[in-house]
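Next up: a single chain in structure tokens, the form predicted on its own.
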Amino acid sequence: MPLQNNRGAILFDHNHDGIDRRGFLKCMAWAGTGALCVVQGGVLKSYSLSDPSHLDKAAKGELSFVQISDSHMGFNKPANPDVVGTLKAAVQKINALTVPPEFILHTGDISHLSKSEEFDTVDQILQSASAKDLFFVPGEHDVLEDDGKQYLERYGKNTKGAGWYSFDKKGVHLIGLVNVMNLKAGGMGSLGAEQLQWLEHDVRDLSKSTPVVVFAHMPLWNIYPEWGWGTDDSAQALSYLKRFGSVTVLNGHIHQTMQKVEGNVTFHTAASTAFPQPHPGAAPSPGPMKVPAEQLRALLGVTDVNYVRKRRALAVIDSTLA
């Protein structure tokens, strides 16, 4: 059975609550707009950046890194009138860690309209992060204008195809996949035959005891196909990872935190640093979401996700801010 948590979303009604920009940024800081991922003894665990009680101890693992997602730089609608400020708030949380993370993964939709000035702003903000190594995969908003040419020039110079690649850090094998270039009917993501062939070859000679982390923009499990929240050929990609004892898949796109364990694979989607979206099926369509401010704290929360490889179990601990 899937284990899900949606409390990480920011829900905000600019038209009715009267919260000013400063108050909005304070609310965004409560939410924790990123996740600290730590590998200890081959086991990957993730911690909300909004819960400082765990972070200093957690960051002393064998490998720690941070995932952020969906900064949508250039977005300026009521759901968040200041995406610059909220991305800066995420970086401040990263910089507050006693032990700087090894690197930052950005899982796509860096920009809102693929404009060069939007990418420039994100680059400038992330330069101030304590983690100096940055790794990206594109979201569909990053490849709107030129089939991803500008994205590749900025972030994909040493990648394959449309921007997929892999690298190793302290015994962990990380794989960045691209599933936004050939969207299927209904908006479902797609990896394509060339990338799938590359993935099969990439992991072929790895020891089965190697911890594997896969990251892409759109989910690699079918959360809600009616809204395109999934990847049509993800099952084939995951079949190449069945022999590994520890596999973690990190995604963005849906702007809310959800987790699921299936066999040896732990799936995790990240909240956005820009705006929330409705829970699957809770609205006529996906998109930026608002609620009255008095409901805000009850809908925000803190989540610790602990994956124990040998037990093949996921422990999810939720607490609201109400």
Partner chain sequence: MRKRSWILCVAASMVLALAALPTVEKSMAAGPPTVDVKIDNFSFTPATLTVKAGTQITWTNGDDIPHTVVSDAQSFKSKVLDTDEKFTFTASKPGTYSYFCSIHPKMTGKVVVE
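What you see is a predicted model, and the numbers here were worked out from it, not measured in a lab. Residue numbers count along the first chain shown, from 1.
One more form of this protein, predicted in complex with the partner chain, exists but is not displayed; see below.
Item to complete: Choose one stretch from 82 to 90, 199 to 207, 69 to 77, 149 to 157: the one whose residues place a heavy atom within 4.5 angstroms of the partner chain in the model of the complex.
Response: It is 69 to 77 that comes within 4.5 Å of the partner.
Practice prompt. Give a yes or no on whether every one of 113, 188 and 275 sits within 4.5 angstroms of the partner chain in the model of the complex by heavy atom.
Written response: All three within 4.5 Å in the model of the complex.
Worksheet item: With a 4.5 Å heavy atom cut-off, would you call residue 140 a contact of the partner chain in the model of the complex?
Response: Yes, residue 140 is a contact residue.
Discussion item. My question is simply whether residue 225 lines the interface with the partner chain in the model of the complex - judged by any non-hydrogen atom within 4.5 Å.
Written reply: Close contact exists here: in the model of the complex, residue 225 approaches the partner chain to within 4.5 Å, heavy atoms only.
Discussion item. Residue 144 versus the partner chain, in the model of the complex: is there a non-hydrogen atom within 4.5 Å?
Written reply: Close contact exists here: in the model of the complex, residue 144 approaches the partner chain to within 4.5 Å, heavy atoms only.
Discussion item. Can you tell me whether residue 280 touches the partner chain? I mean in the model of the complex, with a 4.5 angstroms heavy atom cut-off.
Written reply: Contact check for residue 280: no, nothing within 4.5 Å of the partner chain in the model of the complex.
Fill in: Candidate from 134, 129, 99, 183 lying within 4.5 Å of the partner chain in the model of the complex - any heavy atom
Going through each option in turn, the one that passes is 183.
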